[in-house]
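We give structure tokens for two forms of one protein chain below, kept apart as structure 1 and structure 2.
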Structure 1
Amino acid sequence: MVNELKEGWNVNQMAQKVARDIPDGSYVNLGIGIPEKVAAFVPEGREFIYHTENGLLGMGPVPAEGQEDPELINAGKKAVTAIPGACYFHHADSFTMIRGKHIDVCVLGALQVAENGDLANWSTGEPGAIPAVGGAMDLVAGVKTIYVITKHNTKTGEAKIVKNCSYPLTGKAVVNRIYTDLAILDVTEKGLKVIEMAPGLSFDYLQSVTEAHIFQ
């Protein structure tokens, strides 16, 4: 590995870059964790309609402290608000929207992403590991565009952007674009194309911390 310590983008900057790339008027589902932060960064002049699989279309921002409604939560059980015109529906209807390909963009976290777009984000497969399937398998199968937002490497320095996923798959060849703290990568037929790198980062360093092959 090239000896080049880089801090990269923070999670808010990562989320802002995802929001920048979502087309105006999109119906968007946000996964639990870092993806939830995307809701705070809607570019001026654009409107996104946020969908949460527990039954809300038109999810608004996080409420002010003390203004939480315990009956108004997202799929991650966090308090949210509802925008004017929002609607509520049965859990089954929510998944009908997903499976019927009515959601334009989904932003998910990841344990691993392979260079061909395979996604693993629900279990490490280790004995005793707590599975967290949620709606991810339906989302990657039914949503038109899949964005992954994740740290480039694990806390112990292991690659998360890999040649082939070693963890159980959520979906095969489903990811369109990857946003990490170090780079933005497009999944193409030729492999992972570097769209943008964090300031001061060299391509050689990025490749050294990425198991998958990348190109510019």
Structure 2
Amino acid sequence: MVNELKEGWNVNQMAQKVARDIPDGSYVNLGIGIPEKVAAFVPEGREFIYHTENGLLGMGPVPAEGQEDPELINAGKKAVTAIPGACYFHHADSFTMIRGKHIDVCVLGALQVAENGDLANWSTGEPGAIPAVGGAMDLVAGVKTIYVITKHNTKTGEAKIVKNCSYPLTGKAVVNRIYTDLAILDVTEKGLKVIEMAPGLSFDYLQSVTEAHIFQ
């Protein structure tokens, strides 16, 4: 089957599809890495307000070179800007926004997502590794809608969309929708429903490269 692997969507196309599905006026938290790309594809006429859990609502784009402020950073500890109308707050308030269900959408990366919406994205559980969790468990427990953006399979061909996560969980049954390079999948009570497939893919092919059971 590997020979048949189609190209699929690139990361920018995936991010664009995520942005397309976020309603106007949403408060949005973007995870570190690929999820950050979503901010570049806000559809015309829509306004999102970005929350970064280290204490800023109204996060703006990366500053021009030389304009970085080490005390104005995002959750990835990278320099950012604050838009007019932004506000700063301490950590307990920041996680009140998260845990108290005030943030509408969170976009996160994943190591594994299971067909019931279980997410593993903080640890491979490798013995001796330094565990680090950050705000991921709070985000999946508190944000109203959780989108995952991830490659469909790992570089070495291992499944990321799985029947059951083998890595330690970030949260149980927390993911609402998965955007991969091959498809968009909704987590439903019946399992993973295919919402959209990359051009040229057949459902049978998609199932053949997906460990989890999927349906149309």
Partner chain sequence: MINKIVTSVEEAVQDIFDGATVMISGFGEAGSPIELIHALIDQGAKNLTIVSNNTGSGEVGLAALIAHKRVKKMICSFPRTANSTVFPELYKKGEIELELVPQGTLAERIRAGGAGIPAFFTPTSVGTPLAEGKETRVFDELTYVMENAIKADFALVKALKADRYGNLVYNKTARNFGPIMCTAAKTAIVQAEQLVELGDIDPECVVTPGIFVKRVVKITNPAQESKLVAENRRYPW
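We call the rigid core whatever largest set of C-alpha positions still superposes within 1.5 Å between the two forms. Numbers given to residues start at 1 and step along the sequence of structure 1. Note that the structure is predicted; figures quoted are calculated from it, not measured.
- The form predicted in complex with its partner chain is structure 2, not structure 1.
- Once both forms are overlaid on the rigid core, the distance between the two CA positions of residue 191 between the two structures is under 2 angstroms.
- Residue 69 shows a C-alpha shift of 2 Å or greater between the two structures [criterion: core-superposed Cα displacement of 2 Å].
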